[in-house]
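What follows is a pair of forms of the same protein chain, given separately as structure tokens and numbered structure 1 and structure 2.
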Structure 1
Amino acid sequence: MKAAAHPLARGQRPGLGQERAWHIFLWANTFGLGALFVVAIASLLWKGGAKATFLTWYPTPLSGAPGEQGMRVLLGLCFYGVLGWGVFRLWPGRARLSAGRQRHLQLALIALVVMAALAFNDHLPRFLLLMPKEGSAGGGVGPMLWNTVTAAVVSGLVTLPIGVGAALYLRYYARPSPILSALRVALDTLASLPSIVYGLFGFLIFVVQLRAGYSILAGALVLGLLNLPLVVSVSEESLASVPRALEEASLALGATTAQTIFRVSLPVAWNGILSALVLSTGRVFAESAPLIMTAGTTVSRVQAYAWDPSRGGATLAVHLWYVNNVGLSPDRAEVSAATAAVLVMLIALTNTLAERLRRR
């Protein structure tokens, strides 16, 4: 094969050395960046993952806060549910089963999850069940989980109707007018504000003007506002991707615009809109500054597991900050690692979910 070099052979192009150097540089840069994040995320899960996910053999005692048992069942449903779903997805034998069998298996798994949640809710990872501890070791993040969920639900309840409504207005009803351009500018402005500015606004309104003190409700409202531009733009995008022929077909049958929206456009665009909701939930999990200013950093024992959203309280992200900057617990390295691991797992979950919804 080693014939004399013909005119098309490799290695005789001018500037090849330089090109190779560029390639190596770019490759190293890309690989380095990727590896950095892989290592960071992996080390985090490594350090905190076990504490955050391993079930315990002995039951975790109740703290006595009202509503705690119900929370444990709820957490158990989520925890075992995710576990069961993962096993079901990853089990290689699944593909060989018929659709009916798969359905039966799913039902059996759901029943199993419910039973496990009812029976073994005291054996969940202790870290997820326990109260945080201020000055001593061994605290958990039970109330923080509940606060995070409350904040996510409330802010979703605010963002979804307003965001989707505004997107529908923009897509189907708006006509060029000063109001429309003002609305566009408003959305751009909202999207551009640093989150701390939202925090200050919430502080000013709820804590200073209304004298309502720190509350998760205030934090959730502020985060709902922060998420509005995202929800509006993603909803608008998914509405725009509804085939125009479908909508025209509905109109041609004599349906009004509103009927067309509810019967045709929204059902088609729904997955995209849900993905926006999921993404904004991820942002509620992740935000800290606005919540510190509106919902506070601490948890009251009595209200730890209350339904009332006007209680104050820290979410997971806020807790991570608090433990490192204010808290005095001697095991804060461990608590931080586990909290960070829980956060990253939650974010990974929401990201995957949003991605799936968008693909559908």
Structure 2
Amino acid sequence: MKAAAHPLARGQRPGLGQERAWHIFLWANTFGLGALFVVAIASLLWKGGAKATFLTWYPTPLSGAPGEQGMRVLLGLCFYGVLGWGVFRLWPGRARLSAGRQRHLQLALIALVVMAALAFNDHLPRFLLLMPKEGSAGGGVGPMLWNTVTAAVVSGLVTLPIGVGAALYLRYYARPSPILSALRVALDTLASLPSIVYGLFGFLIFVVQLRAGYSILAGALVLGLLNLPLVVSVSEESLASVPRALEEASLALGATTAQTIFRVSLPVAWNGILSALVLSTGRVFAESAPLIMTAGTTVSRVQAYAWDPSRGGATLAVHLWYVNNVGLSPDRAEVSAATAAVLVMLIALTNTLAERLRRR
């Protein structure tokens, strides 16, 4: 009597119907979630993107705020730089050029971007250039955009060295002890605290006790504290994923622990550390409660575009909250949608730059 063939030999598997149903469920779940995000972002950009990117043939006059011209040049470099990069990437004949000609084309585009930023910085989207208006329509978010970038830079300068340094200590130098266990519990607790608690802490310490007043510096320090647990945990996990064989080979060749860290571990773990920095920057763009309590909700025309971080000023997220809850302008719905669209585009630009750095 001939033995029956095994089900797997006939191309069949037990529970194939359940597995296919599970596959369909996962696909539908993923596709539905992605479609939901795409529809939501597309709707937001449809409502506010036109106002945020509206260009005019006539120049936008200066408002008289000190430093406004420099801010327009920097914004022009970013705006025309994105356009030039898009033209370079989408140009169909780029693949047929040699590496040397592509380099020459890149240099030519950079020169054109610089000239366009210097010559046509008053033809940028009006919403990104104008000062906000309280009781009338037609205001912009120029100072808020400047304050957002300033807060992100200052917060990153605080978060990155301290967070990566703490991750290096926990990964390579700390020994198991009750103090180390308590430190990890404290980091996990701080990571789950609401942001408004950090805002209250920053208000009591920086604004009241240290008498720093409402300032972007105080808000950036609070956001740095808010992001530290995230940066420490992600950086430590990235360092832990470095192959141990690479580090042992470096030590066997006579390198010290510090040399191994800076020459082997950090370069290999750079992608994860950069991801932590991007996530923390995104939180700086999105947070409003800590900045409301430490940086303020208004903008001074005299210091709207100043480099001094000790001045107060609202960011894009704070302005979005203010317009929806306190604002009196008749077009506040359009301003809210355009501000949200600018935030989405700013985060997308930050992620694109981070991806380019990660590839390098």
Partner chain sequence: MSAEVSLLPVSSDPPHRRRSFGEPLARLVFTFAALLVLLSTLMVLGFLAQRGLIGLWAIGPAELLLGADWRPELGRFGGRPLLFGTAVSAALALLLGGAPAVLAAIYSVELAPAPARRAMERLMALAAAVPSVVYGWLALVHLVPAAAQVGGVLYGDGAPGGEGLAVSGVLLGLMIGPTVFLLSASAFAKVPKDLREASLALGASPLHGALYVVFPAAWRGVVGALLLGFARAAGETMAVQMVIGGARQLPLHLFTPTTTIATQLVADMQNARPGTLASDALYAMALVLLVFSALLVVFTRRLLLGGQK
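Along the sequence of structure 1, residues get numbers from 1 upward. Just so we're on the same page, rigid core means the largest C-alpha set that superposes within 1.5 Å between forms. Quick caveat, the model's predicted, so the values are computed rather than measured.
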Label of the structure corresponding to the form predicted together with its partner chain: 1
Threshold 2 Å Cα movement between structures 1 and 2 at Ala286, rigid core reference: no
Large Cα shift (2 Å or above) at Gln102 between structures 1 and 2, core-fitted: yes
Tyr172 C-alpha relocation of at least 2 Å between structures 1 and 2, rigid core basis: no
Cα displacement of His23 between structures 1 and 2, once the rigid core is superposed (Å): 10.3
Core-aligned Cα shift of Pro92 between structures 1 and 2, given in Å: 4.2
